[in-house]
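Here's a solo chain for you in structure tokens, the form predicted on its own.
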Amino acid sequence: MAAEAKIKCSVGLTGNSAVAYAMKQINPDVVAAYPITPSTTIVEEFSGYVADGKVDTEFVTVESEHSAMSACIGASAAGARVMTATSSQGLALMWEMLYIASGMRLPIVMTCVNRALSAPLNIHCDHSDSMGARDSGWIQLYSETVQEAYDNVIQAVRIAEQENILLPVMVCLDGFITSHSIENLCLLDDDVIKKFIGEYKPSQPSLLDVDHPTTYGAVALPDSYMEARRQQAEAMTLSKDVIINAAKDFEKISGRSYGLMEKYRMDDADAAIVILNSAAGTTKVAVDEMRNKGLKVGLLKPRVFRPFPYIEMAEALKNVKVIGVLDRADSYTSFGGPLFTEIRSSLYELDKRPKIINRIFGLGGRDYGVKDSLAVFEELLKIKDMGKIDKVYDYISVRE
């Protein structure tokens, strides 16, 4: 760990408080936000930092989440470092503007506190909001714990503002499960974070620079639109290495290691569960219980969903005999959720592909316990022994 790093550990914060504190340390130029459960306390607490003069941020209160992202886009195009937070219907109301933010190559950082989409109305956790936005051109990072949410927000700024990337970043954490739970975490010193993210120097001409006029959001007809999209796709591809390098530099100042994914007891695993966010912690307990019984199981937790690291995923899973991908959202293809289809596609080029199933869980905040994870592992081991899959795609812990 770098000698200059100053770390204060055993600090108890909720996920939302940790995100708000990270935003305070980053001290963005502009935050435009409209509160929505369960992300509300992020902007509430950050507005307190603004009111108390602890940051130099211009806090813009708006009448809707659509307007919040619109204001973020305008501020970013004018050369400001910009952040915001939202959830569920708020993210859905931003839909039009998400594509504009990424298409304009604006490095906005937004925390998405995952919550189910209506209807029926539900304020609890699933991933239907961020998964619905998975193809909007935003980089997506997922966070298992409060510590990871704090760390991801800091790294997101560095990633988004890289000159050859310039894409917005969405940092996701589970509503209530992580956002409102208090955990002990380690906080970095303000000066260390400022040095890590650096001073923001916009790579693109400012919308307000009258001496160097530029156009944002111009009409692109068939002779130019596709080239713009191709450049955006290339930036997303390049962002994988930027994410890895940012994580390496972050480890130097924090002692905490991040990558594209976390592998837990995967070295000799016959069966593995692939799962995002807080449910990975529950699954680790089940892995340990199964290992204590002499059963070779493991966990793969993706941290980065966009860009999807398909080569690394296939490498991590190539020696596993059977895989269960657990999705906290359904894509309504009648064939599996969004994480499942990405993982399954990643395995296609392998000469010997593992058997793979998808289980939808935890929608609308339905509890996912160790017993649920153990049941999936037992099903996977049965598939390994029998060599046969009864159902590729199914729901678990649901009343039929």
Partner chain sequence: MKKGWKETPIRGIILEAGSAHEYSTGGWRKLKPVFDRTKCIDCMFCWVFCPDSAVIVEKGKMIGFDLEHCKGCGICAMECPDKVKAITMVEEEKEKK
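Bear in mind the structure is a predicted one, so any value in this text is a computation, not a measurement. Residue numbers count along the first chain shown, from 1.
The form predicted in complex with its partner chain exists for this protein as well; it is not shown, and the discussion that follows is about that form.
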| item | value |
| --- | --- |
| The unique member of Gly298, Pro107, Pro302, Gly175 whose heavy atoms fall within 4.5 Å of its partner chain in the predicted bound form | Pro107 |
| Residue among Asp268, Glu199, Glu227, Glu96 with a heavy atom within 4.5 Å of its partner chain in the predicted bound form | Glu227 |
| Partner contact for Asp223 in the predicted bound form: its partner chain, 4.5 angstroms, heavy atom | yes |
| Its partner chain contact at Pro205 in the predicted bound form, heavy atom, 4.5 Å | yes |
| In the predicted bound form, Gly103 touching its partner chain (heavy atom, 4.5 Å) | yes |
| Partner contact for Gln231 in the predicted bound form: its partner chain, 4.5 angstroms, heavy atom | yes |
| Interface segment, criterion being heavy atoms within 4.5 Å of its partner chain in the predicted bound form, picked from 322-330, 214-222, 186-194, 125-133 | 214-222 |
